[in-house]
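One chain comes next, on its own, written out as structure tokens in the form predicted on its own.
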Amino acid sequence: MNDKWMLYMRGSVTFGLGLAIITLLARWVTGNTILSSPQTLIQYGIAGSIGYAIAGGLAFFFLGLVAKRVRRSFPEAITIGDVLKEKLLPSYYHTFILMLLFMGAYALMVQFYAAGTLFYYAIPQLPLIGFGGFLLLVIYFGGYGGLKKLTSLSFYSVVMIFLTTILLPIYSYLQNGISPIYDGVKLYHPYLFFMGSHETVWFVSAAILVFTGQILTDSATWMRIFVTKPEKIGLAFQSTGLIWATVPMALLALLLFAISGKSFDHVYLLIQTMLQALDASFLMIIFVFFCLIAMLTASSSELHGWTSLLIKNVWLEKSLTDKQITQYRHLSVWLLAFILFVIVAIVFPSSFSLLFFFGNLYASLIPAVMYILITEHRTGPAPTIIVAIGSVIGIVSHLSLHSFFSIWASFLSACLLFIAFYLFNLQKYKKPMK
């Protein structure tokens, strides 16, 4: 492989514990984290917000267990596609790569949607100009900068994360006092303290599945796994999960401060209310800059992982020349960015349902990816077919059940199908692989 593409995909260093945590945090403190916090608070109360934070932390703990084994089993891998190539038959391997590319493009669209929403409320006069500039930065860092530039950007992102999650809540509560804020929230929004909702439990349990599916199928996350020292991976994911969980909690504290003694008519107005509550201009600048650099780093990481998957597992396997790969990279990066720009420009500000739109697919992918990673043999069309069946079952059940129930229906049906498939072929898999 050409050193140029190796440097772009994995940089020039191996990550230790610190670098792994920094880059994982920068990848996963995203627009989803920021924008879903107001929606979670209003719909599911304080219990839902706390559960949302715990759900993300548990997803990181789970993947840490899986990643440690995969890293040791595939020491030369660069992308998740390299693992799939060893575990799937060729034609079905390419089908799975296409699925991962599609999910990567969808994840990038959600990040762009979050950035577009922020620009819509931060600079309502010229939101598309601000979003266009943001898009150019994402293309520069993710499409062309490579992992080395992304690692440098991650340092600044994590600094802003800690500055925001520590400074802003402490300043707000010291300035106004905890009791007045609590009394103001209880007076205007007593429903936020309700703890007995079954829907909240289902929301948190579904969030665990969606988070796990997102992380487990994320190309950028797997690339960080393969450049991290094997003995550090488990602790890196556990530490990342613990630290990540504090971010939604800090946003919850800011939101409670923002709505104390106030009412609002729509969840979007809650974003404006939170910005207005930071009455000191430097605090508002810190918060907006935190949102922007977090979204920039997450989006750039996603685009880098998406492009690397194309380079390593599509173009290089077709024995294309460096010039051809460079041309294809230019075309694919700019075309994807343009398509997503048009989509976001049309739909925002819109519903937050995008965040769970492919929840059934993510839930069905969990047992599929786990089956592929854990089993010793190479397999054929079963994972792809079972993912499709599980997703369809979830979508159909959504017609009569709540969306969170349907996510569990997809997950459980896919699990049962994989167990049945494995037991049916148990004797065959006992034979040594040729």
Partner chain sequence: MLTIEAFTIFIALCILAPILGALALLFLLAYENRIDLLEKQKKEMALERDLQEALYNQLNQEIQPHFFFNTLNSLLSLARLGRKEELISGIENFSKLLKHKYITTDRTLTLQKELEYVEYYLAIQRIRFRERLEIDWQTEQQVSSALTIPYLVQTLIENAFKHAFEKNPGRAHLIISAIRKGSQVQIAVTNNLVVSSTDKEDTTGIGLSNLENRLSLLFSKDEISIESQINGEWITVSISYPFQYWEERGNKNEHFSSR
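Residue numbers count along the first chain shown, from 1. From a predicted model like this one, the values you see are computed outputs, not experimental measurements.
Note that the form predicted together with its partner chain isn't included here; everything after this is about it.
- Its partner chain in the model of the complex comes within 4.5 Å of no heavy atom belonging to residue 144.
- Its partner chain in the model of the complex comes within 4.5 Å of a heavy atom belonging to residue 243.
- Taking non-hydrogen atoms only, residue 179 approaches its partner chain to within 4.5 angstroms in the model of the complex.
- Within 4.5 Å of some heavy atom of its partner chain in the model of the complex lies at least one heavy atom of residue 21.
- Residue-level contacts in the model of the complex: of 250, 215, 340, 296, one residue has a heavy atom within 4.5 Å of its partner chain, and it is 250.
- For the options 166, 285, 136, 129, the residue carrying a heavy atom within 4.5 angstroms of its partner chain in the model of the complex is 166.
- In summary, the region of this chain contacting its partner chain in the model of the complex, judged by heavy atoms within 4.5 Å and restricted to 296-304, 97-105, 229-237, 216-224, corresponds to 229-237.
- The candidate site formed by 90, 125 and 211 is entirely out of contact with its partner chain in the model of the complex, as no residue has a non-hydrogen atom within 4.5 angstroms of it.
- Along 70-108, residues 72, 73, 75, 76 each place a heavy atom within 4.5 Å of its partner chain in the model of the complex.
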